[in-house]
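Just one chain follows, in the form predicted alone, and it is written as structure tokens.
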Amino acid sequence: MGRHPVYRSATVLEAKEEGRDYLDLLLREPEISQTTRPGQFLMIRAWPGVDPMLPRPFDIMQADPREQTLRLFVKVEGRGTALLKSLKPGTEVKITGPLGRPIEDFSCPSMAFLVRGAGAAAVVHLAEEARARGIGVYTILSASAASRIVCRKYLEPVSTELLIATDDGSEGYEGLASDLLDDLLRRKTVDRVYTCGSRRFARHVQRLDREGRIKGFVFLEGLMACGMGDCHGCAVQKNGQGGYFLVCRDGPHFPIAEVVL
């Protein structure tokens, strides 16, 4: 398991807008960049005062121990994330991490990623680690239109095969990316499927898992104030048993059979 999370100041190196709604954010922080593992996230606070009051959670898209950097990919959809767009290089921000459970089991010859929109950011670090270990990586990116496809430049270099699905047919397959996954499973032997960004796709992967065709995993989001299990704002119901998981403490990734979607 990773080390306990720490509170640190990080320096903004880049804050690049990707279209109207996304932000590619590169930070320098020497300690968290050394200890982060695939599947983890951090909390960031980048504004003075109490508006917004709470920090925001983001998947750690990349971590480079040698450069001492962390890369986040942010969907801008509220006041907190809108404030992140105004960050300039050299600005100091407060971060806590790494948070969540790291993914440490790589005992498989291949894995696939079925992701939509900014959900792609959750699997970049995992895809890079899998490729470095010689594991086959099959990536399926989905969005409403070609202009909404994100993180391709990070995932394409580490993917054995990368497929695109758009709702309007402006690039790749016109229709549901789950159709591309079904076709991939007919063509290739894929042991694990990770999904993020769409409950519809998650339910599809859950069905494939239930049928014994793959081992499915899902990255979940949740409202959280602390990121460490104290506030219980990110509870998700356990499947087939009583009680709840906490996305921040028990996740953010789960075996897909274990959660109610």
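Residue positions are given as counts along the sequence shown, with the first one as 1. Because the structure is predicted, anything quoted here is derived from the model rather than measured.
Omitted from view is the form predicted together with a small molecule, to which the following refers.
J.: Tell me which stretch of 136-144, 180-188, 77-85, 160-168 has a heavy atom within 4.5 angstroms of the small molecule in the model of the complex.
T.: It is 77-85 that comes within 4.5 Å of the partner.
J.: Exactly one of A130, V124, A118, I95 has a non-hydrogen atom within 4.5 Å of the small molecule in the model of the complex; which residue is it?
T.: Spelling it out, the residue with a heavy atom inside the cut-off is A118.
J.: Though the small molecule is not shown, can you say which of L27, M224, I32, V205 has a heavy atom within 4.5 Å of it in the model of the complex?
T.: Exactly one listed residue reaches within 4.5 Å, namely M224.
J.: Though only this chain appears here, would F58 touch the small molecule in the model of the complex if you measure heavy atom gaps against 4.5 Å?
T.: Yes.
J.: At the 4.5 Å heavy atom threshold, is F113 in contact with the small molecule in the model of the complex?
T.: So F113 does not count as contacting the small molecule.
J.: I'd like to know whether F41 contacts the small molecule in the model of the complex, with contact meaning heavy atoms within 4.5 angstroms.
T.: Yes - in the model of the complex, heavy atoms of F41 and the small molecule come within 4.5 Å of each other.
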